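Below sits a lone chain in structure tokens, taken as the form predicted on its own.
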Amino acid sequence: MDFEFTKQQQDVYDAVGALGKDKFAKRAREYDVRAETPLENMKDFFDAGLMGMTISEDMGGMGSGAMGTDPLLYLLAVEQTARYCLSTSHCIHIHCHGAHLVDQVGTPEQRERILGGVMSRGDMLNATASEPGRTARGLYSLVTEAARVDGGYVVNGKKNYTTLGDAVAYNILFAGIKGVPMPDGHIGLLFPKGVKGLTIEEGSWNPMGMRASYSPTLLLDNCMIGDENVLGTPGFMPRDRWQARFHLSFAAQYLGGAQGVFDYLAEYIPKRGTAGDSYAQLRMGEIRIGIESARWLIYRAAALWQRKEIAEAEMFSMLAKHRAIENAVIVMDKAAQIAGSSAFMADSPLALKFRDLRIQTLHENIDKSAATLGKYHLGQSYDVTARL
């Protein structure tokens, strides 16, 4: 296994690192206060030629994403962004996944129409299956309903955690086809910006952390979606286990967020005058070890995706994400021990990093992830798409 970055990977890593340090970090607090999509940051990605990272080379993209030629490349961008603004990292993660879905399962016409806009104008995309009550019902038990009519579907329901939902050219939303049982009734639909019947529920996004990854609740009232905006074939998400292809990008966020905490401590602790303290030294060493252990599990999983060892890549991605979450929580605890309470004023950079990282790690039930790994090794049936 080659542990060195390719030139393109290094270029992306360096370019996004510079954007994070020079721009994203400086804007992070203001976007957090306003709880709104960091549009300036997303434009910076476009200006740097990075909005098409998970789009295939034939469309002018960089060919990344789990099913692309270089799965690691966009993960490096997500990781680097998370060092400086975890909310922005989540936004580019969501856009990359939406673009990758259209690239991999869209029709030639959809790829040209939708991905062409990404490449030429910086159009943003997302992909949302979440809706109120889904955790209790199950991943593919959707209440949002698509009723078949001539020429398409009429959609009614509610979707939450729709990151970029106010800013995308297309909301990619998932619903259940009326009268068709799951999972075959699971369908992906492209909702163009301004489509009649789609509205944002006011006041639906006011979390403690990740505030700038604006993810409002969308209300769908008799939205007509034509056949030209049906994505893939019904059931493709559960059938092809697409949810498992997004695990690593979450892991990259947790890795980058933990690295951001470490970066802050490396600058703050000497200024505090406690760099010579043996416990500060011990904690910094432990944090570094944890970060590197998570990093190389993520990079190893990306290599499995690149080799198209799909089943092994799915399982190893769950493993890497579990470790990245667990490590992020440990990093926060150890960091707090040596930073002290004075580092946690409400408007401090460290407080924002902690709020964002702790909220973001709640996307996953790590016990369920570990149990899934256990089922696999004990020869029992398992589901790599299970998260909560």
Partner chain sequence: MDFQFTPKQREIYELVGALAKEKFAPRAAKYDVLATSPVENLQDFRDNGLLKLTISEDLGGMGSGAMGRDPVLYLLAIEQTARVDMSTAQCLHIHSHGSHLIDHVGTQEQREHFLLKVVEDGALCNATGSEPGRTSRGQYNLTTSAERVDGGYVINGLKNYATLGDVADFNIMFAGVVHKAPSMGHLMIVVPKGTPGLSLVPDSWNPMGMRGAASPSFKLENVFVPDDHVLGEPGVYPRERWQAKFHLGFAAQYLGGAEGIFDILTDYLPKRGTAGDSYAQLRVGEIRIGIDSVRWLIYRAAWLWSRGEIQQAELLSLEAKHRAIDNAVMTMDKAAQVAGSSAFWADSAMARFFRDMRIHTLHENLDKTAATIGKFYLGQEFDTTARL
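In this text the structure is predicted, and so the values were computed from the model without any measurement. Numbering follows the first chain given and starts at 1.
One more form of this protein exists, namely the form predicted together with its partner chain; it is left out here, but the text below deals with it.
Contact with its partner chain in the predicted bound form holds for none of Tyr31, Thr233 and Ala244, as no heavy atom of theirs lies within 4.5 Å. The closest non-hydrogen atom of Met332 lies within 4.5 Å of its partner chain in the predicted bound form. The closest non-hydrogen atom of Leu297 lies within 4.5 Å of its partner chain in the predicted bound form. With a 4.5 Å cutoff on heavy atoms, Leu373 counts as touching its partner chain in the predicted bound form. Not displayed here, its partner chain is approached by Asp367 to within 4.5 Å at the level of heavy atoms in the predicted bound form. This chain appears without its partner; in the predicted bound form, the one residue of Gln281, Asn156, Thr107, Thr199 with a heavy atom within 4.5 Å of its partner chain is Gln281.
Checking Gly138, Gly194, Pro270, Gly151 for any heavy atom within 4.5 Å of its partner chain in the predicted bound form turns up a single hit: Pro270. With the partner left out here, its partner chain still marks one of 204-212, 113-121, 138-146, 169-177 in the predicted bound form; by a 4.5 Å heavy atom cut-off that stretch is 204-212.
Looking at 329-362, the residues that come within 4.5 Å of its partner chain in the predicted bound form, counting any heavy atom, are Val329, Met332, Asp333, Ala336, Gln337, Gly340, Ser341, Ser342, Phe344, Met345, Ala346, Asp347, Ala351, Phe354, Arg355, Arg358, Ile359, Leu362.
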